[in-house]
Every structure is written in structure tokens, then in C-alpha cells.
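In the block that follows, a single chain appears as C-alpha cells, in the form predicted alone.
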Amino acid sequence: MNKTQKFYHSVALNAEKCRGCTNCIKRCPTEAIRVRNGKAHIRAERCIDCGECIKICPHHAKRAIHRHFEDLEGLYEYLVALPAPSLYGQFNNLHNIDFVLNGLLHFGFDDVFEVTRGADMITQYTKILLAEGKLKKPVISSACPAVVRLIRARFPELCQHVLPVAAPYIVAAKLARKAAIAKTGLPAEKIGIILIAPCPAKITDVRMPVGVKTSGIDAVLAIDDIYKGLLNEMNKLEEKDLQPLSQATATGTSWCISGGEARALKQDKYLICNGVENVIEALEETEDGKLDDLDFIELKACTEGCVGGVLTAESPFVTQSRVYRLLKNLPPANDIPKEALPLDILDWTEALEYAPIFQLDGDLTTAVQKMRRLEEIVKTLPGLDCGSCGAPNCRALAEDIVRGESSEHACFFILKNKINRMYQEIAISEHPQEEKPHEK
């Protein structure tokens, strides 16, 4: 990997709150975190912004960087809210999505455009692509940016299995800008497309999208950040006064819960999996060829899908049940012929390529030499994977030693044995005639 490459990440560390407890290093799926000198450090080239460290940190030392609504004042003449469907499940007893959309207008937005509309198009397009038989099966959904980045980092052979189609919020953003230009006559740069998102991975994908050059989104607000203010505006509304704004279907709305995307495709052979640890297991089995009989695999890094994102306001299990109730009153998406789909927006313009974040050196010969040394070091370590050294496991410590970022004395057990040997040597030198102390 190019050492000069710059990374944007929405997950950041508050060093003042960090206690160096090592909870985060165990949870990170790409071993991106180390604890050094009593503080956690995040390796930019390895982080996929899944938010697992935010969930697990008991001291709230990890946070997601996002914009606040007041930050947008004066930046744009026309603000379009792009609500993710997971937003709808945050509100108790919601029976009409127009309460949310009208609430967003009262909150301060000039217009709304639902992410579900992008999901509807992708569902239809994926059906067409699967029917054409040109995709490499099993096809892996590209909807979750954390999963796509995980595949790119840890499962390079699976890159060609990832659906080469933009995420719903990116499709919706580009359609929203076109609609706003047509409606207002304003130039594109005076229109702000603002995503309301449930997770940090989407914030990062907006700034550094995978598969496309630009996301079409100008800023991202967190669901939990606007939740209370939006709820206050919604409580002021009467149903008789609502503008009929929502075009949400059961198809597009169901994407926010685990299994919604796969079931909408109406395929017989598919796999649904959520939670980053479960996702890794599913990817390992896919890589081993154990799932070759499947047509489609839907993977979501967050528990129960997007409703489990760390930037949501409610429990994923409560939110999921609310979404299911909403779906009962929503129509299914209409079929759209391929020629009517905006393929220039839907298709990826860049292939998914392996990101060698675990590569020990850019030079192959040197990398092989370092790998041999790493294997030798691993044999000298206790293999307990306790994390007391600040690395998630013994192999990761060996890697750090090879990289010159740590030493074997970072291992508590090696250091303890060395101190015991030094003590014995001192005791023998001071009392050479006495019996050698027994080791405990």
C-alpha cells in the first residue's frame, strides 16, 4: 500500500477518556487498534469505520465525527434531507412516514428525498443482473460499506463476488440533486444533499466512496444527533395537515433490517448474516467454497442490520419490530425495466481492488523475509492472546515486533520470566554457597 496515501475516517479517539483497557483491540475486525503507553491508537490504513470500538468502549473514548445541523447554516440555498429508512424505526407508534418527512421540513430542511427510492432501484437492477447470469456467484451485497471495506482488506479473492452497484444512499443522493435542480433552477453547488445516517461507515463512504468517484452527498448528520429535535417537531404536527411526501415501499424500507435486501430479490438460495463477527465467519466459509451453491449473500456489519448502527437512538431489536409494523402498511415496489433505470448512477465506475493493509513490506522479497521472522517470533510467544501487550493477539504482537513498533518485552509473560531469571542470578551471586532458589 502506498505509504503516502491519505485516509479519512469518521471514527476517532478521545485520548483524554481512554484508559487503555484493551476492550477495543479485541473487538476490531481488522486489528486496527493498539494500546501503547496506556492509550489506544487507531491505524488509519486498517480501520474500516465499522463502529465496533465505539460500541465496546466502556469509557466512551471512541466517537464518530459527523456534522451538526447548525453547521450547515449559510452553506447552501436549498437543503435536501436524505433520510435512511432506519430513521423511521426510531419513533414509537409511527404509522405514517409522512410525520417524519414533514417533521424534517419543520426541522429546517427545504425538501426531502427518501433513501428507499434508491433501494427500490437497486433491488430491481440486481434482479435483472442475476437473471442475466453475468455475475460471479455467490453474489455479495455491496450495500454495507463496512463489509465492502472488510472484504477489500481481508478477503481479496472475494472482491470479484461483490455486487458492482452503488449503495442506496449514493443512488438516492444523485437522483435528489437532479430533482432539486429541476425544481428550483439553482446550480448544483447551491444545493446541499444531507444524508441522515445510522453508522460511521456511511459517513466515511460519503467522503471516500468505494466503487464510484463521488457520493453526491454534501454532509452527513447522525440519527441520534437530530432525534430529539425532530421528535419535537413531529409532535407538533396533525395528520390532517401533513403533506403527502413519502414514496417509501415495503421493498426499499425493509433494507434497513437484516434480510430485507435478500428477501426482496425473491431468490431461492440466499444467506442472511448480521454482526461483524458473524459476517467474518460467513466470508471465511465463502472463501473456502462452502457456499458456492448460493445465489446471493446479504451481509450487514451491525446487529440486526442498519437499525443496529451506533448512531441510532433506539435499540436495534425495538427498532426492528417497529419497522416490521410499518412494512405491513407499505406497498411493494413496482417493477422497472432495465432501459428505464439510471444505469449511469447505479453501476460502479471503479472495480473493487484488494487493499493490502496486512502487507509487511512493499518489496516482495523483504516481505517474505519478515514473514519468516514473524513466524519464528510467534513460536517464542505464549499463545495466550491476552492483549496485555497492547496488541489483540500474540501474532499481532509478532507483527508489531517485525515492523519495529514493539518488542518481545511488551509480553507480560516474557518480561516476567526475564525478571525471575535476573532475580535468580542476583540471588546466586550474592549467596554462592547457598542452595539455588526453587522456581515457582
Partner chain sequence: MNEILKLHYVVDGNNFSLAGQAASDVKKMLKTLGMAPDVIRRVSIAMYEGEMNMVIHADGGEIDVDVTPKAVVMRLADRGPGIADIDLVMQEGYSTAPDDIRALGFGAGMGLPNMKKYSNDLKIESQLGIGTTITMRVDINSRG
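As the structure is a prediction and not an experimental result, all values here were calculated from the model. In this text, the rigid core denotes the largest set of C-alpha atoms whose superposition between the two forms falls within 1.5 Å. Positions refer to the first chain, counted from 1.
Below, we refer to the form predicted in complex with its partner chain, which is not included among the displayed structures.
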Report summary line: Answer key: of S321, Q267, Q359, N96, within 4.5 Å of its partner chain in the model of the complex (heavy atoms) is Q359
Report summary line: From F107, Y76, W348, Y354: within 4.5 Å of its partner chain in the model of the complex by heavy atoms is Y354
Report task. Consider H409 of the chain shown here, and say whether it contacts its partner chain in the model of the complex, taking contact as heavy atoms within 4.5 Å. Result -> no
Query raised in the report: Going by a heavy atom distance of 4.5 Å, is T365 a contact of its partner chain in the model of the complex?
Result: yes
Query raised in the report: Just to confirm, E284 within 4.5 Å of its partner chain in the model of the complex by heavy atoms?
Result: yes
Query raised in the report: Is P342 one of the residues lying within 4.5 Å of its partner chain in the model of the complex, judged by heavy atom distances?
Result: no
Report summary line: Counting only non-hydrogen atoms, the one stretch of 88-96, 150-158, 325-333, 68-76 within 4.5 angstroms of its partner chain in the model of the complex is 150-158
Requested in this report: Pull the contact list for 26-56: residues with a heavy atom within 4.5 Å of its partner chain in the model of the complex, in sequence order.
Outcome: none
Report task. Using a superposition on the rigid core, decide whether the Cα position of Q359 changes by 2 angstroms or more between this form and the one not shown. Result -> yes
